[in-house]
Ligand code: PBG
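In structure tokens, one chain follows: the form predicted on its own.
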């Protein structure tokens, strides 16, 4: 018996293509990043992220971030990743009040209508922009002291009402320290989403403007290569992710997305936890800037990118376009 094999028959109509599509995108699987900045009087655009139509992502004030969340809820967004940017910087003894107060304000206004994750890192707090506390020679991030500060930071955020704390610093042992701090303070139900496979990437530029987190100042340490994963070491990503899973992470993450689809596919196959991927600012802005020049179809390019993430094993997509997802998905 022989069969007439045609792959094209299931491609002939939009209905057939939709019916047989293996990867189905949904806004419920997406997280919208937010930046709230202390001391600014009005929201500020972020190069490459705010869009020619001014409907993108901004550096928000304490008032405008609430209006933005209200608008996002109407657009179908339910989950957010908050980055707090305080105006005072230091080398240690950090104060987490500004971001904690924003968390409390969001929780008071929106209750359980939102799932609020909060980034846990020190890069927006330090005067030098590094993700931790430097040694006396200013050439190395001290792991233990930084982990202690991160645990205090995560605890402050969880006590203020964060549903999920998300350490992005890449220090050794920080997931275990944060989990212990939460459990000891009866916050065992707080989710922990670890940036377990965060690479030393060149795609973070617009974010560093948004979060005021670029390395700077008269210090010997000029980049983050000593604690973020080298792009040529995928086995490091596996070791780091296995460690974070063992230490109590509920969700693991690969960051950036497109340059590391192979890593995401491998890790999601080997470690049976929910996997997130972060479409970082440089990835997102590249599409936005090409679209502004008429070189690419904006919606199609973003949807194709998100489909690639899901195909590689991501259940959760963190993207600056989450607030557009419901409308864009309709165009598939």
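Since the model is a prediction, treat every value here as computed from it, not as a measurement. Residue numbers count along the first chain shown, from 1.
One more form of this protein should be noted, the form predicted together with this ligand, which is absent from this view; the next part is about it.
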Original post:
Using 4.5 Å between non-hydrogen atoms, is residue 320 touching this ligand in the model of the complex?
Top reply: yes
Original post:
residue 255 near this ligand in the model of the complex, any heavy atom under 4.5 Å?
Top reply: yes
**OP:** State yes or no: in the model of the complex, is some non-hydrogen atom of residue 128 no more than 4.5 angstroms from a non-hydrogen atom of this ligand?
**Re:** no
Original post:
So in the model of the complex, does residue 280 come within 4.5 Å of this ligand, heavy atom to heavy atom?
Top reply: yes
Original post:
Residues in which of 69 to 77, 97 to 105, 152 to 160, 223 to 231 have heavy atoms within 4.5 Å of this ligand in the model of the complex?
Top reply: 223 to 231
**OP:** Find the only residue in 121, 192, 82, 133 having a heavy atom within 4.5 Å of this ligand in the model of the complex.
**Re:** 121
Subject >> Output flag, 298, 302 and 309 jointly within 4.5 Å of this ligand in the model of the complex, heavy atom basis >> reply: no
Original post:
Since the partner is left out here, which residues of 193 to 213 would have a heavy atom within 4.5 Å of this ligand in the model of the complex?
Top reply: 195, 198, 203, 204, 207, 208
